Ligand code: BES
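Quick setup: one chain, the form predicted alone, written in structure tokens, and binding and motion questions come after.
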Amino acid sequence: MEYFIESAALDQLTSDCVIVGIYENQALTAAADLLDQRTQHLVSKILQRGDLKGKNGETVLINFVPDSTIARILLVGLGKQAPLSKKDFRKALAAAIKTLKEHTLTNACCTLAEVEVSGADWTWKTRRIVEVFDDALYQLKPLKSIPDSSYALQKMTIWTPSKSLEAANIGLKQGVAIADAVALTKKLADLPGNICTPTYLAEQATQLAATKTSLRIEILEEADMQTLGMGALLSVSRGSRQPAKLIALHYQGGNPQAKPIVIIGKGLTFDAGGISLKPAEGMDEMKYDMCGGASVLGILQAAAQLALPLNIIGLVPTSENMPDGDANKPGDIVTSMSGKTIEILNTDAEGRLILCDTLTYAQKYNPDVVIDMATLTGACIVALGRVPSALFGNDDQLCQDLINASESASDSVWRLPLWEEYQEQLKSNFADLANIGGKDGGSITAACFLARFAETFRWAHLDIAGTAWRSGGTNKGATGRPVPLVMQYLLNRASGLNA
């Protein structure tokens, strides 16, 4: 969908629908009040009938507006007449776009950026309108012989007063870049494992680099990894007919001498669990084990689109984890690129094996910070559910910067500990460490494992197992998280808010 900023008087607009806000006490926003006056108090008459109480997320569509160039008016409940929280603003936007999707509108105008939101300016509110609306309109189209009907809505205008045009245009630019990044992430993640293989993912990264002059691509093949001694990563791909790849996507927008931000994303394009085979139920969703890698491609695309004044390197180790005569076996010992030996007690704990070698590889870039994101542990879902991603890290300031970014982006995280006591669970009788630490604190011990390979730089780990996709039924699909969170972190870095 296309997005535009409009500052002309509302009653002069020609639109299929104008979206306005209503509070619980039936107080009108400024835009709603203006339209009410220009339509012989049509809005007030609807409210007097009691069809809308003004609770946050309620909607009523006025389908006919007489003697007006505006065909419809969508009333959206905002809740109590006070500054909205960022989550309540998002809830109101989601309700608005859900209603619009159900009707054959080709264009609409949203006035909700005028609503006061705690801690948010016009840039933030404009960006959030684009992100929420675009997320709701996403469709994966190319794989059905009889495709689902496309949504009619093609154009969204965001109404903005003249004094706020500059801020709104910045928000529009950011919102479109982040929405495009989320859409790319969701598309790659939603593709089935027989299409989105490690080779396919590398090809998509190559195509992305070809479209952005500020991006440079490097693909490490298995022979390159063998030369580098990446025994942990290569041990995972042994059970697959698909060769592993290590994608390195470089973006240089900052001072050439500035240390880069390295972002790593787990790219398991399908995870059957290897010899430690997963249960059949829900195994189809293991195509989503590459959501971290897909997020990295989306983030680098957005960084280039926004020309961020930063140096960023995206690393995506990508493989399959399959059962085969040559696959890892429980009890096998492999040697990582760092030289540390690892006893593989469970072949389904493979994500940490491909990530640990990639963390070691990241040292070559002398990074300022390293952030990895991975659908790493089911234990994370047990601990936190599907609301926040789990955050771990060896640097308090980096973790706090990510928490601040998550709150601004409404892409929640919750920090969990990396206490030394948990390392005891990773001890092995036969190797430097085991790849699992038992059933207790599984997401923590997985992070503790990664921490052993991130001792030379500032590092944070996002376990997105519970947030990267929605599970089951017709609601199944990738969410695009944590793209909004990491993009907010990068925007904060670019503006000097983070050290």
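In this text, all values refer to a predicted model and were calculated from it rather than measured experimentally. The numbering used is simple: start at 1 and walk along the sequence shown.
Quick note: we don't show the form predicted in complex with the ligand, though the next part is all about it.
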| item | value |
| --- | --- |
| Contacting member of V43, L450, A465, I444, with respect to the ligand in the model of the complex [4.5 Å, heavy atom] | A465 |
| Option touching the ligand, based on a heavy atom within 4.5 Å in the model of the complex, out of M225, A379, L308, V334 | A379 |
| Contact segment among 286-294, 356-364, 194-202, 214-222, judged by heavy atoms lying within 4.5 Å of the ligand in the model of the complex | 286-294 |
| Site test, N56, K91 and E116 vs the ligand in the model of the complex, non-hydrogen atom cutoff 4.5 Å | no |
| Contact of K278 with the ligand in the model of the complex (heavy atom, 4.5 Å) | yes |
| Interface membership of I436, the ligand in the model of the complex, 4.5 Å heavy atom rule | yes |
| Interface membership of R352, the ligand in the model of the complex, 4.5 Å heavy atom rule | yes |
| is_contact(D348, the ligand) in the model of the complex, heavy atom dist at most 4.5 Å | yes |
| Those residues of 246-284 which, in the model of the complex, come within 4.5 Å of the ligand by heavy atom | K266, D271, K278 |
